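Just one chain is shown here, as structure tokens, and it is the form predicted alone.
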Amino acid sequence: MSSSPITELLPVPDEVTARIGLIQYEVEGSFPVENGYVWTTCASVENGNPLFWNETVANELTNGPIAPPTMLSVWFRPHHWSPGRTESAVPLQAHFDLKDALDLPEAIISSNTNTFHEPVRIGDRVRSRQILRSISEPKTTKLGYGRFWTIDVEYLNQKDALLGVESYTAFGYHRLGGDRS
């Protein structure tokens, strides 16, 4: 096959644009929120905030123990292995689906924002769901030629309370001067 630079992208398939705004990959975490993970995480970064270590302080400030907000995504991250699973689980599956569907072999996360709502409490069962928000027109950057897309990951507890939203903007691309062979 000859090597020719990528100068245009295929149109976004209708089945891909149909996913915009739809909930995908709703997954419940495989274990409840528990103090062992909270304490191990806090210890690993030397976070001595008594809110996470002292039940009396937690009761006074937040009506009971909570997990650090920065741990929001911990509760749904799949373990590398679990009994009965036949395929590896990956976080942000909607992102990898877009790379395949749009024939964009390379991708980076160009921005990530977190919005926190209700606190994550010890004993919560956290589930996540992915929502494709947008796909851009073709763009050229220093990395290559491709498209940006935004995916929100919403986190809810067992009572359907919104715990937070992580919003990822990614750039899927072909390297400049690359080919499709």
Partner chain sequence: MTGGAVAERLLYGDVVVGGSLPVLNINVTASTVVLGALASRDWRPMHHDRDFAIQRNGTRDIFLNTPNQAAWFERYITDWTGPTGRLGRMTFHMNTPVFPGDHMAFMATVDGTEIDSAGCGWITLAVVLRVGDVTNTACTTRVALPLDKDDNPWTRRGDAWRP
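If you're wondering where the values come from, they're calculated on a predicted model, not measured in any experiment. Rigid core: the largest C-alpha set superposing within 1.5 Å between the two forms. Numbering follows the first chain given and starts at 1.
This protein has a second form, the form predicted together with the partner chain, left out of what is shown; the following refers to that one.
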**the partner chain in the predicted complex: contacted by all of Asp100, Arg129 and Tyr145, heavy atom 4.5 Å** = no
**Request:** State the residue from Thr140, Thr70, Ser134, Asn35 whose non-hydrogen atoms include one within 4.5 Å of the partner chain in the predicted complex.
**Result:** Thr70
**Prompt:** Is Glu60 close to the partner chain in the predicted complex, meaning a heavy atom pair under 4.5 Å apart or at it?
**Reply:** yes
**Request:** Report whether the minimum heavy atom distance between Leu51 and the partner chain in the predicted complex is within 4.5 Å.
**Result:** yes
**Request:** Classify Ile66 as contacting or not contacting the partner chain in the predicted complex by the rule of any non-hydrogen atom within 4.5 angstroms, answering yes or no.
**Result:** yes
**Request:** May I ask you to state whether His117 is within 4.5 Å of the partner chain in the predicted complex, using heavy atom distances?
**Result:** yes
**Message:** Residue by residue through 71 to 87, which ones have a non-hydrogen atom no more than 4.5 angstroms from the partner chain in the predicted complex?
**Reply:** Ser73, Val74, Arg77, Pro78, His79, His80
**Message:** Does Glu137 shift between the shown form and the other one by 2 angstroms or more at the C-alpha, the core having been superposed?
**Reply:** no
**Request:** Determine whether the C-alpha of Thr41 shifts by 2 Å or more between the shown form and the other one once the rigid core is superposed.
**Result:** yes
**Request:** Compare the position of the CA of Trp53 between the shown form and the other one after a rigid core fit and state whether the shift reaches 2 Å.
**Result:** yes
